[in-house]
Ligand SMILES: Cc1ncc(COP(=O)(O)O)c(C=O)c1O
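There is one chain below, alone, in structure tokens, taken in the form predicted on its own.
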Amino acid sequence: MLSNRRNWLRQMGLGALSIGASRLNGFASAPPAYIPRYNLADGQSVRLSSNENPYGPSPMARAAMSEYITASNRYSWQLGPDLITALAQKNNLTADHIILGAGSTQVLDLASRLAALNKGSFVMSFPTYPYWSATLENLGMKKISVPLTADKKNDLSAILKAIQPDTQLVYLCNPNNPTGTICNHEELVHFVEEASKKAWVLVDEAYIDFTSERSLSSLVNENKKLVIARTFSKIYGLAGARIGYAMAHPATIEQLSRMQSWPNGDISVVSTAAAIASLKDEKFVKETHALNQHARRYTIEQMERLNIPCIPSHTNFIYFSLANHQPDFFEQLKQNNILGTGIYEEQGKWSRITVGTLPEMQKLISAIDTAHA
């Protein structure tokens, strides 16, 4: 039975939703194709806080998850290698360049623990995605923060200068969270080459699928000090399924695996099946990308109309300044049952909002447009 499911998953194409159609009529018959988990009339909160994909999981991922629920009494020994093979093919690598994790956060944690084997310091931008860094500080590492440039980009030259003799790890989120900015590819390649001569380099590409930029994945063939973290949480809409992976030189993957109690074994059968199917659902990815661009463009235009400057975004979130916004922005969100974030930089009152569906972003704009309050 399980082998039949594996064959089904491997052969799955864009037309494969006919399998198990009786269980998926709710997905197939609903307009539009991808339905948010809630609607604006049911009184539930509009979640614009965690950069989740409001359109996912994809139809093919849902079908795979439904099909594999009955196999949840088994470990993912058989499916895990299939996912690794699919990821290697997607990134033009071999299977020994890949390690799986329960979300990219676990991958970041593995790289952190590897770097912390030798005490010292680590370097990262401010602000950037920080939640993994507490592990390093708890292990006795010193954090060195490097401010962003005036246009809210990672300051690559300043990061290189900040590296100390005892620096063990340099972290770079590209595109950066919370700013949505991205590094020039050629400059980034040079940065990695130079930084990796002195320390481990951890590049977080969680949001790169929202861009047309090239991954740094080809560099791991030669560079043993580079680790690239990726996730299924964002454009694939599987944040709750917890699936991530790292790409690195095979020798580095071996070192990372020693930081993991059960290498490649932390993801459920259902989540693994969803990830494999998601890689095949190119239609969903393209439509999510297009819907995100449309809602993001609308939101930036409207926020700037309301005198809320925004940083050009390459992601599914927007970084904006509340310095000239007189009402209490967060109270406006609260009164309209919208979940946002907070202030990331006091100077300029910079905050971040996730790009949801167009109706959700229209509700956001209505909530903060005092002229129509």
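Small disclaimer: the values here were computed from a predicted structure and weren't measured. Throughout, we count residues from 1 along the sequence that is shown.
There is another form of this protein, the form predicted in complex with this ligand, and it is not shown here; the text below is about that form.
Though this ligand is absent from this view, in the model of the complex it lies within 4.5 Å of a heavy atom of just one residue from F122, F284, F191, Y207, which is Y207. S50 is the sole member of Q44, S50, N336, N324 with a non-hydrogen atom lying within 4.5 angstroms of this ligand in the model of the complex.
The shortest heavy atom separation between K142 and this ligand in the model of the complex exceeds 4.5 Å. Put simply, R113 is far from this ligand in the model of the complex: not one heavy atom of it is within 4.5 Å. Put simply, V170 is far from this ligand in the model of the complex: not one heavy atom of it is within 4.5 Å.
Residue contact check for L108: one or more of its heavy atoms lie within 4.5 Å of this ligand in the model of the complex.
Of the candidate stretches 292 to 300, 98 to 106, 181 to 189, 208 to 216, only 98 to 106 contains residues with a heavy atom within 4.5 Å of this ligand in the model of the complex.
Taking this ligand as it sits in the model of the complex, the stretch 175 to 199 comes within 4.5 angstroms of it through a non-hydrogen atom at just one residue, N177.
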